[in-house]
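Just one chain follows, in the form predicted alone, and it is written as structure tokens.
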């Protein structure tokens, strides 16, 4: 029996997807929101952690890595649900050592294939995400820079970004300077515009 942990921001979608997956005879699914207490996650065993990358509570690389670290099973594999055209989210998932990548518009069968492959320790990439995954590999920004830029694009101030990522204000400013340079932007706003146009955030 494959133990699956489903992490999704929206309760209705999370419970519906969990019910669908629980119909498979070889899966046992538990579902939790992103806001779940990490202490609770420590008592849950999972072979595969399925994560929605696009919700308002979606994590950065550190958040996904931390989630997997809390799993009591050392072999818990990460499978992400992603939207095409957003290589930045795929880059964060890749840097968090995700094994599986499934399009959120895919059929339930594709998700089941992905879960079973990841449970077996194999990589699984939905073909509709393959091009974006290649674009993600060529992205000039690091995972940490993408996290900073993603928060900035949502309107967060330097202080708010520093608090969220547990970094100093100076470090955040250094990241923003690097982002501006790497994107060829004139300033922070221009860097956000360029990155949004490229689908990085």
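By rigid core we mean the largest C-alpha set that fits within 1.5 Å across both forms. Numbering follows the first chain given and starts at 1. These figures come from a predicted structure and were not determined experimentally.
A second form of this protein, the form predicted together with a further copy of the same chain, is not displayed here; the remarks below concern that form.
Residues placing heavy atoms within 4.5 Å of a further copy of the same chain in the predicted bound form fall in a single listed stretch, namely 79 to 87, out of 79 to 87, 114 to 122, 127 to 135, 92 to 100. Residue contact with a further copy of the same chain in the predicted bound form: residue 155 places a heavy atom within 4.5 Å of it. In the predicted bound form, a further copy of the same chain lies farther than 4.5 Å from every heavy atom of residue 24. Among residues of the shown chain, residue 13 is one whose heavy atoms approach a further copy of the same chain to within 4.5 Å in the predicted bound form. Of the heavy atoms in residue 186, some are within 4.5 Å of a further copy of the same chain in the predicted bound form. The putative spot formed by 17, 108 and 190 is fully lined by a further copy of the same chain in the predicted bound form; each residue has a non-hydrogen atom within 4.5 angstroms of it. Residue 24: CA moves less than 2 Å between the shown form and the other one after rigid-core fitting. Between residue 186 and residue 84, the C-alpha separation shrinks by 3 Å or more in the predicted bound form, relative to the conformation displayed. Compared with the form shown, the residue 156-residue 93 C-alpha separation increases in the predicted bound form, the change being 3 Å or greater.
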